[in-house]
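Starting off, we have a lone chain in the form predicted on its own, written out as structure tokens.
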């Protein structure tokens, strides 16, 4: 298979690219940094720049007959109070987490339509299913990607193109080094510091990226995809159905206790 993966310079993206490359697939990693690997080829690409995206996909199609899989992994986190977040920070986040992923889908879809086959996985977060304290805009950006995924599933189904979101829990990566961290104002500082420490501890105790790759490998051969898949530790995944069935105020109280806000 020919697989395109975005955000392959570090973390989950790098692990995915190496994993599938070792399996013998033709893997192309799109990231702003050039990464040397025996198992995949990097095409330096800023996915927020649509011209770079189009050029990268065109380059791949010069040597590959088709594109089988796109994994939209590139993204970044953002932490801070809603009140303290600036327009520039919010737009930067949405431009990568939403617009960049959409531009990647737009670039591969003509090829997938022509071959009447293709699979697209948009990497989302379990946190997209609920507003999280001091991560409101991150949750919102991933939730927006979820809804776009649901919409495009209808639109591309006539050409046998499958699209889904994979909602991840905490994965052991260096995401903390790449997050946008807003300036935190005094009223929020004490609560933020406590939650930020918990947040980073959860990442340090997270699932290994290679386990995400193994999960995706099992997902790819499925004949029919659901719109949403959830991968992570039980304590994180259970938050999703609880959000659906519990009264909002009751759920919020549970989340406060989970984040030691009570």
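Only a predicted model underlies this, so the values are computations on that prediction, with no experimental measurement involved. Residue numbers count along the first chain shown, from 1.
From this point on, the text means the form predicted in complex with a small molecule, which you will not see here.
- With the partner omitted here, the residue from 69, 56, 216, 47 that has a non-hydrogen atom within 4.5 angstroms of the small molecule in the predicted bound form is 47.
- Contact annotation: of the candidates 173, 149, 111, 182, the single residue with a non-hydrogen atom within 4.5 angstroms of the small molecule in the predicted bound form is 173.
- Partner contacts here mean any heavy atom within 4.5 Å of the small molecule in the predicted bound form, and among 129 to 137, 71 to 79, 156 to 164, 185 to 193 they occur only in 71 to 79.
- Within this chain, residue 120 is remote from the site of the small molecule in the predicted bound form, having no heavy atom within 4.5 Å.
- Taking the partner from the other structure, the small molecule in the predicted bound form has no heavy atom within 4.5 Å of any heavy atom of residue 253.
- Taking non-hydrogen atoms only, residue 228 never approaches the small molecule to within 4.5 angstroms in the predicted bound form.
- Using a 4.5 angstroms threshold between heavy atoms, residue 65 stays clear of the small molecule in the predicted bound form.
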